[in-house]
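Starting off, we have a lone chain in the form predicted alone, written out as structure tokens.
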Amino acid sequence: MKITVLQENLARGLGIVSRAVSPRSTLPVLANILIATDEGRVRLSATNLELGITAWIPAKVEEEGTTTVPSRTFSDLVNTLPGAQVLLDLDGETQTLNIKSGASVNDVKCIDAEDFPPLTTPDMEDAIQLNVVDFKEMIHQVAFAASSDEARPVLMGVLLTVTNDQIIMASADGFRLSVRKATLSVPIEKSINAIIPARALSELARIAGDGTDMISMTVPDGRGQVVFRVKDAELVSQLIEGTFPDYEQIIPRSHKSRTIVSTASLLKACKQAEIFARDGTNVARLEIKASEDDMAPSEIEISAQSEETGSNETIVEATVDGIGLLIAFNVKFLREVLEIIKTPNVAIETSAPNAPGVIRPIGDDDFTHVIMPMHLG
């Protein structure tokens, strides 16, 4: 293998795939990145056997070839190379990669590519086409609410269902639920029901870019995998086996109080409350005060206290339709959902201090978030 690539392209490609490298595997080759020539380009691939990421970068190929390089060593080296161009020259017998750039000459010991796990090359002919910007927003609005508790692997994933032209993503961790719906531009014939690891979706959002490209998605039959392809990158993830909870049963059908408030004002109040709440159990109390005087505005009082640091209290103007109520939430959860809501105003629907609260953006019926209440104490 003998190729010349631009340093910035190589660094960008390594940055895309390196997140799939397995740092603590018993297989040494999984700590490496596969470098291969591929129809006049260079293909970089990494996998931890559950997640695989591939990126293609432009290159001048003088000799075809393939090898695997230690991810951390190679990435750190490439990021510090002085020249605009990088010449990679592999000695196949010793599996040593010579790396030249400007006045810098380096030799890196590699592992034969035959030891690297084979990566699937799926048929993308019938793939679903998803708008990058819209799908990234869907990911941001659900992936954060997935669980990080390995004891319940199903909840570490995002349930993705596609029927006709409707796509729904849902995640839950036992304390909160996020549901986002969207409409596809082209209906699909065969329905999809898959649990995708939240981490894989977060990585997809990271590598997808902000352009006007489309993301192609396919779930090959019988493989237990999902494949996403965008421009010059591809992500393959194992699906999570199991049954996702019936989240529709969790969403309250009615409410006794609907409070409309400025998203930015409530977010700022929650950030202040979190400073004091984080020393304890992250509890913030929300007292919804419905005004009996039509001329006076209603309000929400957000408060938190800590025996060590003190207390905080913020009043935010609101429009309250229904009864007044005192309810407590995990303020971190409340802050996280407010951070991914784009609309100027948000509605909080409540029924009782011990019943779930529902957060809905005003003017956007495609997103629903449910937060379980905490004990007022």
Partner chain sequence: MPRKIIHLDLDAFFCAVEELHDPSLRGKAFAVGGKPNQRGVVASCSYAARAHGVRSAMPMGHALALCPEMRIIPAKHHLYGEASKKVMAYLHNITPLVEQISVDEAFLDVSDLPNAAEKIGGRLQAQIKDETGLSASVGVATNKLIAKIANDVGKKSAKYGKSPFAITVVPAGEEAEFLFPLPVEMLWGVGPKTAEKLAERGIYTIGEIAKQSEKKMTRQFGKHGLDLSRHARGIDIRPIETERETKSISQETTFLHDVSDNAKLQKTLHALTRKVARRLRKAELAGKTVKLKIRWSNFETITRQKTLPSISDSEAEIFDAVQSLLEKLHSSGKSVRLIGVGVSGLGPPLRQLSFWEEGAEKSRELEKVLDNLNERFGKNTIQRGNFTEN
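Here the structure is a predicted model, which is why all the values come from computation and not from measurement. Numbering follows the first chain given and starts at 1.
Beyond the structure shown, there is the form predicted in complex with the partner chain, which is absent from this document and is the topic of what follows.
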| item | value |
| --- | --- |
| Heavy atom distance at most 4.5 Å to the partner chain in the model of the complex, all of 19, 46 and 158 | no |
| Which of 342-350, 310-318, 60-68, 328-336 lines the interface with the partner chain in the model of the complex (heavy atom within 4.5 Å) | 328-336 |
| Residue contact check: residue 285 to the partner chain in the model of the complex, 4.5 Å heavy atom | yes |
| Contact flag, residue 256 vs the partner chain in the model of the complex, heavy atom cut 4.5 Å | no |
| 4.5 Å heavy atom contact, residue 132 to the partner chain in the model of the complex | no |
| Contact of residue 25 with the partner chain in the model of the complex (heavy atom, 4.5 Å) | no |
| Position in contact with the partner chain when the complex is considered in the model of the complex, options 187, 297, 245, 92, heavy atoms within 4.5 Å | 245 |
| Contacting member of 144, 276, 175, 116, with respect to the partner chain in the model of the complex [4.5 Å, heavy atom] | 175 |
| Heavy atom contacts to the partner chain in the model of the complex at 4.5 Å, residues of 335-366 in sequence order | 354 |
